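So this first bit is one chain, no partners, the form predicted on its own, shown in structure tokens.
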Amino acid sequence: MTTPSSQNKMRVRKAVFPAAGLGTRFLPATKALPKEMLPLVDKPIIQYGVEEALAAGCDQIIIITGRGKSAIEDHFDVSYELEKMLEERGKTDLLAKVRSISDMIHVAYVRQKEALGLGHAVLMAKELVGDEPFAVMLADDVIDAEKPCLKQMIEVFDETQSSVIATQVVEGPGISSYGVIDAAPVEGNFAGKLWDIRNMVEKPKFADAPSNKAIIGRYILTPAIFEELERTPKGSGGELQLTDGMNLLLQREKIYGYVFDGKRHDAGDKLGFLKATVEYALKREDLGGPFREWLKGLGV
């Protein structure tokens, strides 16, 4: 790997959150509530991702929204009436929590009129991202890590100055639910964790999967991805797939797969959401003890 001089290095400052999907797996709860606002304990799914982006050094958040997603905008906005009521009642701890959400970082929104695939959602951010590298974060993938997953990836990007995709080993037929990379190991500072991607296959049959390394919902992409997405053919249902665009990008730039440290929860799946709720509740100082005792009492 060659490392550009510090003066020419690109920096990742912006994080894009595609959030225009319909969330059909959680109906009827998501008929009126965006799936990104479903709470893990007492915090909506998307806030975990936004906090991860902040901890990784991103100071600009771009959320791709659609019809019925106004609750997301309200969540990250100032709530004068609520803050006034909490202040008058002396609930300073709750007031600090509420204010920390709106004070977090600068958030911008782009309206996606139709949910036409992840690639289309990313392309919607082109004007706000501009000519600089950026992160894409799927709120469904909640990653519990001592060092935030995106921060790990930005460290890789800072050295490689190339697009980086989060990957995770998935054994067995379950690999067919993911995009899968075909890649060769890279020597150097990230040896054993960094892979030079040769190809990506979206949801292959188990027998046809090129590896056991699945693509997880964290990406760092160079701005060249926009040009490639604009010329990427649409797939089934008229959707524009990000994986197809990244395969075109591979023809002109390197893309690395990074096996991150941390535990990923698929909060877009009902069982995964329940597991994440339990694990995050058990880690809480105020809830963990009594919740653990209650679980023991169930005798299951």
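Here the structure is a predicted model, which is why all the values come from computation and not from measurement. Numbering starts at 1 and follows the sequence shown.
Same protein, other form: the form predicted in complex with ligand G1P, not shown, and the subject of what follows.
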- In terms of non-hydrogen atoms within 4.5 angstroms, which of the given stretches 154 to 162, 83 to 91, 224 to 232, 196 to 204 touches ligand G1P in the model of the complex? 196 to 204
- Note on the structure: Picking from Y109, F76, F190, Y178, the single residue whose non-hydrogen atoms come within 4.5 angstroms of ligand G1P in the model of the complex is Y178
- Note on the structure: Interface check vs ligand G1P in the model of the complex: of V186, M124, L138, A183, the one with a heavy atom inside 4.5 Å is L138
- Query: Thinking of L118, I215 and R264 as the candidate spot, does ligand G1P come within 4.5 Å of a heavy atom on all of them in the model of the complex?
  - Reply: yes
- If you check in the model of the complex, is Y219 within 4.5 Å of ligand G1P, heavy atoms only? yes
- Would Q241 count as touching ligand G1P in the model of the complex under a 4.5 Å heavy atom rule? yes
